[in-house]
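Listed next as C-alpha cells is one chain, alone, in the form predicted alone.
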Amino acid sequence: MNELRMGIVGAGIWGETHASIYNEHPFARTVAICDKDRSRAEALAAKFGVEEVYTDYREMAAKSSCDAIAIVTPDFLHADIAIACAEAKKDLLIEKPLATTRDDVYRMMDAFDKNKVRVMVDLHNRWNPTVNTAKQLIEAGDLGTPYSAYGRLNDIKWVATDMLSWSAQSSILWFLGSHCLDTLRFLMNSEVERVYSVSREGVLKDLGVDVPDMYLTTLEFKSGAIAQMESGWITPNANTCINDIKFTVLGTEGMVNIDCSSHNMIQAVTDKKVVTPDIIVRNKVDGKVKGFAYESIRSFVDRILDGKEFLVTKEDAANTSLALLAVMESAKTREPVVVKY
C-alpha cells in the first residue's frame, strides 16, 4: 500500500482535525466524510476537497473507496459503527474510549477478531513526551519496580457545559479518565485488579448538566502496585489551562513527576488574565498541527502502512474500558469492585 485512503465518521471539530492530519501526511488522504448532518459533512468535505459524502455509516462502509475509517463520534455511539465498519473489512481508528458498556466491548472485540481488521483506539497520552520519557526511565530500571502512582486529568467546567453538547450522556471517566487510567496501566505495566471509587455531584447539575462532577479512585494492580486517580471537570474556567495533567510514579529506587499543565515553559500575561499556552497537547508550528494529541493519529497511518504493532493495542483499549466500568460500579455502591476482564 503506497497511500492510506481514510474515511471519517463524525464531521465535528475533531473530525476536522483528523481530516487535516491525513491530508498533511505524505502517504495518506481523506477520501470520504460521513455525518448524519449532511450540511456539516458537505462543509468538511468541501474544505479538504473530499468527493465522497455520506449520511449513513453503513453505506460508507459498504461503498466507500477508503482503506480505513476513523470513528470520531460521541463515545456512546462507537460500537455499532465500529462493528459495521469491521464487517466491511475496514481497519479502524476509534476515538477514546473503545466503548462505554461491557456488552459493547465484547461485541466489538469479537467483530474485530472475526473480520481480521486492525484497530487502534486514540488513547493519545502514550504519545505525550513526558509520559513516554517516564516509561523509558521505568523500563530502563532507573526507578526500580513501580510501587505506587498518582494520576490526575481534570477539565474546566466549560468542557462539560459548553464544549460538549453530549456531556450529560457521557462521563468525565470516559472523556478524560480513559486517558488517565490507560496512562497508569502503561506506566505501571500491569492490569488493574480491583478498584474503590467515590464520586461527588452537584456543581454541574446546578449548571444544567446532570452528570457527576468528579471521581477519586484507588486502583490496585495485579503486580501489587497501587495508584490514586483523580478525574473531574469542575476546575474553574479561569484556570490557565483547560486540562490539568499531572502524574507521579514512585518506584522502589526512585520516582518521576510529570506536570503538563503548569510546566512554566511559557506564560502570556496581560492586565486581565494569565494564560499558559498549550505547547504539549495541541499546538501549531509553521501552520501545521503538532503536539501529542495529533501524533497518535499520524502514528495510526504509519502503523497501517508499515504493518508494525500499534502503541495502543485493542486489548489495551478494552481493558481500560472494563476497568472504568468497575470504577463507575464502585462509585455507585461505595464498595471495592474486582475488575472483570
Ligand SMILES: NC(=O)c1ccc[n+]([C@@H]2O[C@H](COP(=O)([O-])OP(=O)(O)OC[C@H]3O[C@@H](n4cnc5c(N)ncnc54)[C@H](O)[C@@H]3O)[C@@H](O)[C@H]2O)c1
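The shown structure was predicted, so the numbers you read here are calculated from the model rather than taken from an experiment. In case it trips you up, residue 1 is the first one in the sequence shown, and so on.
Missing here is the form predicted in complex with the ligand; even so, the following discussion is about that form.
*Asks:* Ok, F175, W127, F221, Y215: which has a heavy atom sitting within 4.5 Å of the ligand in the predicted complex?
*Replies:* If I apply the 4.5 Å criterion carefully, the residue I get is F175.
*Asks:* Using a 4.5 Å cut on heavy atoms, which of R40, K47, K63, R298 is close to the ligand in the predicted complex?
*Replies:* In short, R40.
*Asks:* Among 104-112, 196-204, 183-191, 158-166, which stretch has residues whose heavy atoms lie within 4.5 Å of the ligand in the predicted complex?
*Replies:* Comparing against the ligand in the predicted complex, the contact stretch is 158-166.
*Asks:* Considering only heavy atoms, tell me if V312 and the ligand come within 4.5 Å of each other in the predicted complex.
*Replies:* No, V312 stays farther than 4.5 Å from the ligand in the predicted complex.
*Asks:* Would N154 sit within 4.5 Å of the ligand in the predicted complex, counting heavy atoms only?
*Replies:* The answer is no: N154 has no heavy atom within 4.5 Å of the ligand.
*Asks:* With heavy atoms only and a cut-off of 4.5 Å, decide whether K290 touches the ligand in the predicted complex.
*Replies:* K290 lies outside the contact set for the ligand.
*Asks:* Heavy atom to heavy atom, is A317 within 4.5 Å of the ligand in the predicted complex?
*Replies:* No, A317 sits far enough from the ligand in the predicted complex that none of its heavy atoms falls within 4.5 Å.
*Asks:* Just give me the residues of 29-61, first to last, that have a heavy atom within 4.5 Å of the ligand in the predicted complex.
*Replies:* Counting only heavy atoms within 4.5 Å of the ligand in the predicted complex, the contacting residues of 29-61 are C34, D35, K36, D37, R40, Y57.
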